[in-house]
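Single chain ahead, by itself, as structure tokens, in the form predicted on its own.
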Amino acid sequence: MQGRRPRIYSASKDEIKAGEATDIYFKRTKKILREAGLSDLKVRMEIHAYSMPKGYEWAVFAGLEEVLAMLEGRKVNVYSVPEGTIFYKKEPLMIIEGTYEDFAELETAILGALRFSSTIATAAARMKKLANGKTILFFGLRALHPAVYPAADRAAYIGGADGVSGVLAEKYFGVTPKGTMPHALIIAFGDQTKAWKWFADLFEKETPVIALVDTFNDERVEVEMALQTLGDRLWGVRLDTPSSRRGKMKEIVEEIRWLLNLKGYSNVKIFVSGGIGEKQIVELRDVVDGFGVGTSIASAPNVDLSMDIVEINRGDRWIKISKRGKLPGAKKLYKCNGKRVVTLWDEEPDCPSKPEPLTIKYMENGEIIRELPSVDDIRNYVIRQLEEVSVEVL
């Protein structure tokens, strides 16, 4: 067959690092500055959020590692709060310092990476907080372009998800994917008991056997069938239809829990997935053992990070400047006696005890100078901070 062949529309790593994944106006800006003799203009650009999604008081800063990968080899210095830091409006999150021409065309990709990862990490953190210790699994890849699956799984895991489903998660950041079975498996057999048994026979040594129990019959009927088929091999059951056609999901779960206890299977876990959001987590957290959450994390309200010049170097002197609506001057973030304090670049807060700097230097002249934490370290950092914040259910 002749004609144009199909392709997957995804920017390569080389295109991103080279600044080709950008908006045309940054390319034109570079050319204008070069022609105007301003190629050596040094700036300090600050990344911050001057607004939060409706109902959000805080967000989780994620995506730092990818930004460092983009900037590596360019003659810039990078100062940032650690990845996983919970932040509030107008706090300085990152300062990029260097000749503007050296990184101007990366603004699009830098903000894209930070906003994407911070949005997903924040949504996952909110869910984790609301779940009160119950398991949160991220099943949201189908809501996204496949090119970003590893980044999405990483962000959700950083934010507090207890597991992710993407196969590439293990390859990219060492987290073994988790998941049960789709309805397609059961429909392919035409018999749920055969599908459950085949799953258990092949995979019970590497993953808990969790039966999907709402394909053809009433959930209670299918749970009884799963008990008869698998017996003690059954580790858990999953209900994937919260908007059930026969009643409220909480009442269905309570009925199934009663049945499992009555049959002597109080150890069998109950998981719920499909259309789970913050309200559903609050409603069901006392009666289920865990949640599979997809679109509510993958397509959460965007954390609106922006990147602005706040200082320009003229004649070896830093001039504080910004567009209207933004605060001029590069800034740093500290913790001072448990409170967060923002200062200008060359200042320190007046604290009774030594202030703890949250703005840390990660890159000097294009070289990474600080060891980067593992995803587990970042995730644990987020979870510790979640003890200090609250969530208003959206």
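Everything numeric in this text was worked out from a predicted model, so none of it was measured. Just count from 1 along the sequence shown to find any residue number.
Beyond the structure shown, there is the form predicted together with a small molecule, which is absent from this document and is the topic of what follows.
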request  = Have a look at Leu234, Val293, Val303, Ala152 for me and say which one sits with a heavy atom within 4.5 Å of the small molecule in the model of the complex.
outcome  = Val293
ask   = Of Gly163, Gly98, Gly274, Gly112, which one comes within 4.5 Å of the small molecule in the model of the complex, counting heavy atoms only?
value = Gly274
inquiry  = Taking the small molecule as it sits in the model of the complex, is Glu105 in contact with it (heavy atom to heavy atom, 4.5 Å or less)?
reply    = no
task = Decide whether Trp196 counts as a contact residue for the small molecule in the model of the complex under a heavy atom distance cut-off of 4.5 Å.
result = no
ask   = Does the small molecule come within 4.5 Å of any heavy atom of Gly73 in the model of the complex?
value = no
query = Can Pro182 be called a contact residue for the small molecule in the model of the complex at 4.5 Å between heavy atoms?
reply = yes
request  = Given that the partner is absent here, state which listed stretch (260-268, 198-206, 134-142, 303-311) has heavy atoms within 4.5 Å of the small molecule in the model of the complex.
outcome  = 134-142
